[in-house]
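Just one chain follows, in the form predicted on its own, and it is written as structure tokens.
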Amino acid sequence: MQSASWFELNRHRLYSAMIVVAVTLGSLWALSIDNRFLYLLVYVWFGLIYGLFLQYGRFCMAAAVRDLFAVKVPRMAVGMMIAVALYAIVAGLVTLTGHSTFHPNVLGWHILIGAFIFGFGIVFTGGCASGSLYKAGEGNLNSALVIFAISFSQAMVVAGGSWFDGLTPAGWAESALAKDMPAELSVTRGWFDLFTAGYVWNLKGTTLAEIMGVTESPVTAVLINTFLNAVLPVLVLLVGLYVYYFRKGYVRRLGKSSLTLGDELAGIWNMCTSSKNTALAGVGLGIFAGLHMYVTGALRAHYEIFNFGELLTAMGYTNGLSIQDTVFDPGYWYITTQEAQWGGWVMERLGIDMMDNIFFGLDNGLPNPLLNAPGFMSIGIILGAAILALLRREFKWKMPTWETAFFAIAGGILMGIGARLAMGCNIGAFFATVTNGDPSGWIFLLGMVLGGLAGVKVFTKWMDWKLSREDSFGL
């Protein structure tokens, strides 16, 4: 009885320690096979760190959008802004070292539309791309369904045949056919290929410094990208959050009829620190996201590569590489593309040709999940969240109901479609972009917020209808 009682008291710590030991032993095993797997392991361990911070602050951009519009609480949005500002500063320093791996997103209408669809979906799933991963690490099987839906919806979108070809503008097809494409690919295969080759490839990715024509001085360019594109907008948004969501309660608690500038600044600081866990999570995520980019960039310089596919080729692993011998390897925190690869890899195993399209066949490849570096980053997030959730006794298996399962899958499908149209999610298309000087991230945020607002309104109406229906039947 005594040993059983000790186990019950300590089993959460034991399970948490087992995860750490398993990841450590797996890392040592990979390095014993080939020390160049260090590049992949960087993704693993930074994913673990992201998972720890996400769970610690219960950090989720879906919650930020939902809380603002549904209950008018700015806590999560404030934490998100803290993370953006700190990541921008660290990313600027990384850029000055010459180890930045960032590549800007292209500017176009697709970002706003894709982000709107993505934002609409996150309201129904209860978690954004990163939030769904850490919640899955807490034992939430609804979030696991979201990940499933995101993975396969993206794979089907990019390799979905000619379902929506008739809806694509004629100019896309003309532009796509004019491109010099590898013989293995047919750009007329599906609408997403036409969208990619006929529209996206005609656009340009840029930073604010490039738009302003200030690129001769690296220091000046970094200052513009860091402070004008990220830190200054963050400060403006924090002031807006304070004025519209926090100030009224703060004035009431302060008991003053008029506030001085010092009082207002103290109020903003009070807002930023009102939830220490969320604020600290924002600090940690911002710093480590920047460090991740630095370490990956340094390893690329050390191995003299640009893409992990080059290392895989040198190690003799060529299955699943793209036509260009590349795999998806962003070099920094990213999420949804590797999940699309998971779905595509499974469909490929089921006998569906998933490599005859631009997304997988030309650019990202379909590597074995055991060789998918960014994929291990997502797994690391799940495991990192599980470690902390176990230590905090917050891990609990949460089984979905038919209703929550439907919302998880439907919302996840919308998130997958939105992520592909916008070429990224709340991390890759917003968090990683604005912090590195790319203004397209703010467009994504606008679309995600508008989609979230629409989602909250629809969800609220549905809940009102459901409650009125239950009342009418006496349930």
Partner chain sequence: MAVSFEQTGAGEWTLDVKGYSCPHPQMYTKKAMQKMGSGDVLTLVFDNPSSGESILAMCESDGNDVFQRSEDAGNFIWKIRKA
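Please read these numbers as outputs of a predicted model, since none were measured by experiment. Numbering follows the first chain given and starts at 1.
Unshown form predicted together with its partner chain; subsequent notes refer to it.
- Among heavy atoms of Arg252, some come within 4.5 Å of its partner chain in the model of the complex.
- Taking non-hydrogen atoms only, Thr278 approaches its partner chain to within 4.5 angstroms in the model of the complex.
- Within 4.5 Å of some heavy atom of its partner chain in the model of the complex lies at least one heavy atom of Gly126.
- Taking non-hydrogen atoms only, Lys256 never approaches its partner chain to within 4.5 angstroms in the model of the complex.
- In summary, the region of this chain contacting its partner chain in the model of the complex, judged by heavy atoms within 4.5 Å and restricted to 313-321, 398-406, 221-229, 190-198, corresponds to 398-406.
- Think of it this way: in the model of the complex, its partner chain has a heavy atom of just one of Ile417, Val44, Ala70, Ala30 within 4.5 Å, and the residue is Ala70.
- For the residues Phe118, Tyr134, Phe308, Tyr332, the 4.5 Å heavy atom test against its partner chain in the model of the complex is passed only by Tyr134.
- Contact with its partner chain in the model of the complex, defined as a heavy atom within 4.5 Å, is made by all three of Arg75, Met463 and Leu467.
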